[in-house]
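Taking the form predicted on its own, here's one chain by itself in structure tokens.
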């Protein structure tokens, strides 16, 4: 497939092969863009921004609404492509496209809501005779760098709010999963986005991505991906805005009074959805010692029952990881934990990119499976004795994206909400819960800024003050 550059679909001699993680078959090829392509995209975007600024809020709303309608009409095609290139099950892929339509629709509505407010200058001693307001104005060229695991909806969380606010966007998708994002280019152009206002440039991050990030004409970088890459981008971006949605090793506290019927099967599905390759996957579960054995027995039983295999089959519940080296990495982490004293109760077998859902208990706190982001189909379950200990265990992490707690005790729920160091605290559900209108983002090394169309638009606009002297 060609890439969308400067309003045209272009090819390059060098290409990137896009492969199905399940059987390693080639799905498609995309151009291997370079530094010159990135610079051309910026030049085109500067022109596109001049067109975007002239559109009224209603015109932006209309364009985005039409894009949502087109995406709805192509949803099965998009889901099939996402399933093939990501490796997520077809049901998971359909769910992603449904969410992307919602994100796009919400962003369209926000285009009409973008407003400022009056400023009471006369509230200051020297403000008499002054009246005015502030308004929000677009930043300009926004670079969106997206990961492989949700190529459509996570891209939509960047593209749609940026366009709704009047910015232009250069999308740099993950090299492993660029095809669905190129299809988004078709959809946005058909919907009426000015041709230079949205571009999709494929190629290596070390060349295309770095060029886009470092160019001072770019006004914002919005990135979703690993903590380490996020840190690198922050060092290279210079004096421009950034939103960083980074990793986590999300935790759940299961108290002695938890409703286990409510917790299951959520705590299982939240660990193994998309083969655990979700930044808010359940990775660490802390269960009160009085119900630990009962909880673990049921967890293992349900984990073993999950069907692993070809993601395109309707009955598959856990598909492959993105590539074999990732399944091997997770296995190495499990082996390290077991060597340090942890117990592997089930799973962890690998076949290419496939890994059977793994359950590890009594995991030491100094191994990678506890401290780092596994990003694979593995969960650790450790016991705790006091509630204070549970909070301390959850907070023993450089990450802080979302966390969950199951309890019927209002005091414990509120204490967790206050004391857990995370951007979202989900009470009586898993940290993997997300709806696309909520303010989503992390504390500590899980990121900077918030997504969700309303909140993303705040990040993607500047306040301009207007003051009149009416004396």
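Source: prediction; values computed, not measured. Numbering follows the first chain given and starts at 1.
Same protein, other form: the form predicted in complex with a small molecule, not shown, and the subject of what follows.
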Exercise. Of 337, 380, 318, 145, which residue is found within 4.5 angstroms of the small molecule in the predicted bound form when only non-hydrogen atoms are counted?
Worked result: 145
Seminar exercise, completed: Among 390, 359, 218, 154, just one has a heavy atom within 4.5 Å of the small molecule in the predicted bound form, namely 154
Problem set entry | Candidate stretches 122 to 130, 165 to 173, 67 to 75, 329 to 337, one within 4.5 Å of the small molecule in the predicted bound form by heavy atom | 165 to 173
For this session: Look up in the predicted bound form whether residue 206 has a non-hydrogen atom within 4.5 angstroms of the small molecule, and give yes or no.
Result: yes
For this session: Would you check, heavy atoms only and a 4.5 Å threshold, whether residue 397 touches the small molecule in the predicted bound form?
Result: no
Exercise. Does any heavy atom of residue 210 come within 4.5 Å of a heavy atom of the small molecule in the predicted bound form?
Worked result: yes
Problem set entry | Partner proximity in the predicted bound form: residue 302 to the small molecule, non-hydrogen atom cutoff 4.5 Å | no
For this session: Identify whether the small molecule in the predicted bound form is within 4.5 Å of every residue in the set 233, 373 and 440, based on non-hydrogen atoms.
Result: yes
